[in-house]
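Only one chain is given next, in C-alpha cells, and it is the form predicted alone.
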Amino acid sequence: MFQRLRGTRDFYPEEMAARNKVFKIIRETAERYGFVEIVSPAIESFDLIAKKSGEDIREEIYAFEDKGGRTICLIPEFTPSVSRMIANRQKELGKPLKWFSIPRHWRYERPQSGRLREFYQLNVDIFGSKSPKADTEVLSVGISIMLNLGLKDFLFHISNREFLHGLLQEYNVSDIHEAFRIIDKREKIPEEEFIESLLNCGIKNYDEILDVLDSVNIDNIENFKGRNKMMDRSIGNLLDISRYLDYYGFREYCTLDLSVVRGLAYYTGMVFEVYDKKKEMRSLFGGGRYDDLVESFGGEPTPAVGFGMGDVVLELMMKKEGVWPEEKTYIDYYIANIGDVDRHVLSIARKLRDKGYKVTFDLVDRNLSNQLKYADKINAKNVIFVGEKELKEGKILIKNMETGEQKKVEIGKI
C-alpha cells in the first residue's frame, strides 16, 4: 500500500470542509480591505528564485531539470513570482496595488511541528506606496484576519530595521547583515552561543546595544531622535504606524519590539512577527517593507510592504484556542427512491440544485433501509421520500433528520 510522502498532508472531505471555512474568512476579510486575489504558476525558473535567495537555496527547495533542459522549481514562496508579474506589466497597472493570494508552496526541509514540505500560504502585499498608512493597512488586515478567525491570544511585534541599522553604525559595526542575522536568532539559540556570535561579528559593546533594544518602547522612542538620519526616519515611521493603529482601534494587539529584524536581507524598513502572547509556539507569520525587490527583478522602483501567513502554524494555533471549524460535511437533501421513480428523483434533484441546495440520491440501487443509513452517514439534513404511492397523490414526503419531523409537500411546489 502506498503512503503519502513525508512532510505532506491528505485532506479528506471533512478536513477540507473546515479548511475551506478558514480560507473563506481570510478571503472575505482581505477583500473588505480592498485586496484582490491573484494566482501564479506552481513552478518557476530556478534563476528567478535564486535572484532573491541566492544559489544556496537549491538545497532547500524542490529544484530539477525539465525535459527542455531548464532548471525549474516548485515555488517555495510567492514574493519572486509577484515581483515578476509586476515587472512584466508595470506600465499597465494602476498603483497602489493591493493583492493577495493563497497558493501552495514547497520547501525541502526537515518536517517538524509547524513546518512541512508542502503548505498553503496567504500572501498579502501593497505595491506602490511608501506611506506608513500602507504599513498600517497591511498590519490591520492581518489583525482583522486573526480576530475574524476567532483568535485572541496573539500579539504583533513591530520594529523597523533602520533603527537597528543606525544604532549598529553608531557602534561601528561593519557587517550589518551578519549582525542582523545573529540578533534575529536571539531567542532561538542559547544565550552563551548568542553572545559569542555577537563578539565574533565584532560587536564589542553588545550589552549597550541589547539594553537599547530591550528598553525602548513606543512611549519613549522619541528620546532617541537626533542620533542619526536612519534612526530618525524609523522613529517617525513607527510613531505614525502607532497613531494609525490607534485610529483603527488595533493598537492593543501590537507592541514595539526592536529586536525583530526578520533575517531576510531584502527587508528595508518596518518589519513584524506575530506570536501567541506567551511565545509558546513558533511565529504565526511575519512580514514588512521591501522597497527594492521589484526593481531587482527588472521592474521600475516600486515601494512594497506585505506578509506571508502559512496555514500549518495557523491551524495549530486555532486548534489550541478551540476555534478551528468543526470538521464535518453535510448534504441539504438526500432523495430516497421507492420503486421505479427515477424520472421524478432526477427532476426534483435538478430543481433543488438550481436553488443552491446540496443534493444527492441513490447511485448503487440500495434498498430503502440502506439508503437511510447512507443518508445518516453523509449527514443529510433532510430526506425526501419519492415513492409511487405518494406520486399518485402528486406529493412527496420530507423528513427533517435532526428533529424527525415529517411533512408532505406538493411536488409542484419543490
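One rule holds for the numbers: they count along the sequence shown, beginning at 1. Keep in mind that what you see is a predicted model, and the values were worked out from it rather than measured.
Form predicted together with histidyl-adenosine monophosphate (HAM): not shown, discussed below.
Stretch from 315-323, 109-117, 202-210, 253-261 whose residues place a heavy atom within 4.5 Å of histidyl-adenosine monophosphate (HAM) in the predicted complex = Checking each option against the 4.5 Å cut-off leaves 109-117.
Would you mind picking the one in G142, G269, G306, P303 that has a heavy atom within 4.5 Å of histidyl-adenosine monophosphate (HAM) in the predicted complex?
-> Looking at G142, G269, G306, P303 one by one, just G306 meets the 4.5 Å heavy-atom criterion.
Select from the listed residues I158, L284, A179, V294 the one whose heavy atoms reach within 4.5 Å of histidyl-adenosine monophosphate (HAM) in the predicted complex.
-> Residue within 4.5 Å of the partner: L284.
D125, heavy atom within 4.5 angstroms of histidyl-adenosine monophosphate (HAM) in the predicted complex = It does: once histidyl-adenosine monophosphate (HAM) is placed as it appears in the predicted complex, D125 has a heavy atom within 4.5 Å of it.
Partner proximity in the predicted complex: E77 to histidyl-adenosine monophosphate (HAM), non-hydrogen atom cutoff 4.5 Å = E77: contacts histidyl-adenosine monophosphate (HAM) in the predicted complex.
State yes or no: in the predicted complex, is some non-hydrogen atom of I57 no more than 4.5 angstroms from a non-hydrogen atom of histidyl-adenosine monophosphate (HAM)?
-> Flag for I57 set to yes.
Contact flag, G310 vs histidyl-adenosine monophosphate (HAM) in the predicted complex, heavy atom cut 4.5 Å | Yes.
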